[in-house]
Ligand code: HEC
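So this first bit is one chain, no partners, the form predicted alone, shown in structure tokens.
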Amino acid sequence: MNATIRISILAAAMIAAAPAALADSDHRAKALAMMKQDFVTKGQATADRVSEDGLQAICNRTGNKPPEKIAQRLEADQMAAVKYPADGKLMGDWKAGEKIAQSGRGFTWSDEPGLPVGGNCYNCHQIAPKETSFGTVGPSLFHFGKLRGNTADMQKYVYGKIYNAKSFSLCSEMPRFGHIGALKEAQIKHLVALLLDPESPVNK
């Protein structure tokens, strides 16, 4: 059974077993209908962006607290789909990584399709010390590599986390950058370097 079918079956089973979710379905349907009235396809910004996939539906309908066994099973599916670099190299150039972390451009209707997309990492995290404006939705990443090291296992963890955070925590609010094709392999490598390279300002 493939992961997509498994997610759909599990989502249906959870909703069927949860009266509260069913009671909420009318309100959810009305809210989605209202959003879809206002969001229209314009260029590469397509209206289907307001539609949730099966995995996100499970998180939305359980208040981000799905049953542990279901979460573990689906996290394993997400992890199996992470595509690590064929050359085995997981760290790029931290300077390029800082530019990606700073950039929030890409995927809007006014952006040219195919151009590199930014990570917009500072929107949620503290990273390098020179940037004094940052979000706090995610944890601080300052001194990330200094505290955790840059072993092969740590590089793999960081690469996988950026590629698809839901492979580690099913209802993570972090975007699935690699999974959805927002960031390419080289870009993710650069972000790994930003966090782990001893020469990166993050680790000074």
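What we label the rigid core is the largest C-alpha set whose atoms superpose within 1.5 Å from one form to the other. Nothing here was measured: the structure is a model prediction, and the numbers come from that model. Just count from 1 along the sequence shown to find any residue number.
What follows is about the form predicted in complex with ligand HEC, which we do not show.
Trainee: Which of 137, 45, 152, 31 has a heavy atom within 4.5 Å of ligand HEC in the predicted complex?
Mentor: Result of the distance check: 137.
Trainee: Which residue, 96, 81, 124, 71, has a heavy atom that falls within 4.5 Å of ligand HEC in the predicted complex?
Mentor: Checking each option against ligand HEC in the predicted complex, the one that comes within 4.5 Å is 124.
Trainee: Give a yes or no for residue 142: in the predicted complex, does one of its heavy atoms lie within 4.5 Å of a heavy atom belonging to ligand HEC?
Mentor: Close contact is absent here: in the predicted complex, residue 142 is far from ligand HEC, nothing within 4.5 Å, heavy atoms only.
Trainee: Give a yes/no on whether residue 174 approaches ligand HEC to within 4.5 Å in the predicted complex, heavy atoms considered.
Mentor: Yes, residue 174 sits close enough to ligand HEC in the predicted complex that at least one of its heavy atoms falls within 4.5 Å.
Trainee: Taking 4.5 angstroms as the cut-off for heavy atoms, does residue 58 touch ligand HEC in the predicted complex?
Mentor: Because no heavy atom of residue 58 falls inside 4.5 Å of ligand HEC in the predicted complex, the answer is no.
Trainee: Would residue 193 count as a contact of ligand HEC in the predicted complex, using a 4.5 angstroms cut-off between non-hydrogen atoms?
Mentor: Residue 193: no, not in contact with ligand HEC in the predicted complex.
Trainee: May I ask whether 105, 182 and 200 all come within 4.5 angstroms of ligand HEC in the predicted complex, judged by heavy atoms?
Mentor: Not one of the three qualifies.
Trainee: Tell me, please, whether between this form and the one not shown the C-alpha of residue 118 is shifted by 2 Å or more, with the rigid core used for superposition.
Mentor: After core superposition, the displacement of the residue 118 C-alpha between this form and the one not shown stays below 2 Å, so no.
Trainee: For residue 108, is the CA shift between this form and the one not shown at least 2 Å following rigid-core superposition?
Mentor: True for residue 108: a C-alpha shift of 2 Å or more.
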